[in-house]
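Before any questions on how it binds or moves, here is one chain, the form predicted alone, in structure tokens.
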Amino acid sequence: MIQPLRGMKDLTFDDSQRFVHIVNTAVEIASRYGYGYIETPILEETALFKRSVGDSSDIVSKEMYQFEDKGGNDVCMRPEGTAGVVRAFVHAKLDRQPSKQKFYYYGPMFRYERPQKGRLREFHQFGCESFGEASVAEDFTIITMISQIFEALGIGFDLQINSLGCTACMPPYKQKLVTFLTSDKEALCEDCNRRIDSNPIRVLDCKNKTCQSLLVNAPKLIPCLCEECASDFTQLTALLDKAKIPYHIDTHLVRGLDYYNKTAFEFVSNHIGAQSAIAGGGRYDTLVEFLDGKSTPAVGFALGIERIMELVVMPESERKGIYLGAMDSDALDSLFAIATQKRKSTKVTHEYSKKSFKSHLKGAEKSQAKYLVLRGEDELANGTIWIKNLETREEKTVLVGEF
């Protein structure tokens, strides 16, 4: 028997219902905030992610499904969603329009990493990207939207925030950090030593316990912020305080992607093993320009659907639609036209075989139908159909045309 590839998983039964509920909930709430759907290809040029996510990131250096296609093109399966949406935004010349644009997306992403609970090699994300709004109020609004999505799904969370500064205050901070890291270079892990030269702030995100203990005394970025970035961060915390959204400032929160600037945030949960991120995002004001578009402020996020699958509180299932069956062989053919007509307005579970009343009732219960609808010899002769409301237990016989 052929098994799924390691780190790949079929989505069936309860998981598929949870998946649909998560996506539908997120889409409904994002739509209230003015977001419209966008679909980007799963396969993209590798250069897109090397330029946007960054060569120094684990995603690009270790985890991408990268290969040469039959046309000799260097391509990869998308490891995250933002870069593809930004490419589509530039390709459609939306960066040349004065109006603000907001998109949501959902679908599979691919990273070749060690599979573990809630973290697969093929996984699904729901994300939103907002273009053209420079105000930190948009950062706050996106955080509010995510909190509403999780509240609607019955998921508790902790919010962590940080500021990554801008092109004015980040370079001097990096120099301070490099000086600090170089003094402890021998004690740092191999990845951290590689990042000192390529992207030193990624060292702050290292999960190695020895490195983390050394980084306690590392210089912090927030005191080094320029006036504009400091003002934005103060405004963000004030908005969160006023909205009574609890948060924690984590000065080591840098996210795993190179394109972030200013606001960075993560929603984390203690209910999936060690405290883990279930959603994250931030501002990326330079990425559109970096991918050959016109300078455009932007902010976005993504949540991991598999990460929250077990945390979702599913709504109580409701009985819906009808179960349609025949008690007599001669009545079987008459049900097809009835099923076709009723499917224009409701869900229909159509049983093709003649069965006993008890078997039909069992089938109706299994399908969670609201109505059990049957035809037998008498109903066929009289042009009627028998109906039972499985919630109220009320029974009646009506003409087929009336039904």
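The first residue of the sequence shown is number 1, and the count goes up from there. Keep in mind that what you see is a predicted model, and the values were worked out from it rather than measured.
What follows is about the form predicted together with ligand HAM, which we do not show.
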- [ ] Would you kindly say which of Y173, F157, Y259, F103 lies with a heavy atom within 4.5 Å of ligand HAM in the predicted bound form?
- [x] Y259
Open item on the list: Within 4.5 Å, heavy atoms only, which of E138, D95, D232, E80 is in contact with ligand HAM in the predicted bound form?
Closed with: E80
Task: Contact test, all of Q125, C128 and G282, partner ligand HAM in the predicted bound form, heavy atom 4.5 Å - done: yes
Task: Non-hydrogen atom contact F301 with ligand HAM in the predicted bound form at 4.5 angstroms - done: yes
TODO: Decide whether R194 counts as a contact residue for ligand HAM in the predicted bound form under a heavy atom distance cut-off of 4.5 Å.
DONE: no
TODO: Using the partner position in the predicted bound form, report whether R202 sits within 4.5 Å of ligand HAM, counting heavy atoms only.
DONE: no
Task: Contact label in the predicted bound form: R119 to ligand HAM, heavy atom within 4.5 Å - done: yes
Task: Candidate stretches 304 to 312, 70 to 78, 182 to 190, 214 to 222 - the one whose heavy atoms come within 4.5 Å of ligand HAM in the predicted bound form - done: 304 to 312
Task: Within 93 to 115, the residues that have a heavy atom no more than 4.5 Å from ligand HAM in the predicted bound form - done: Y105, R111, E113
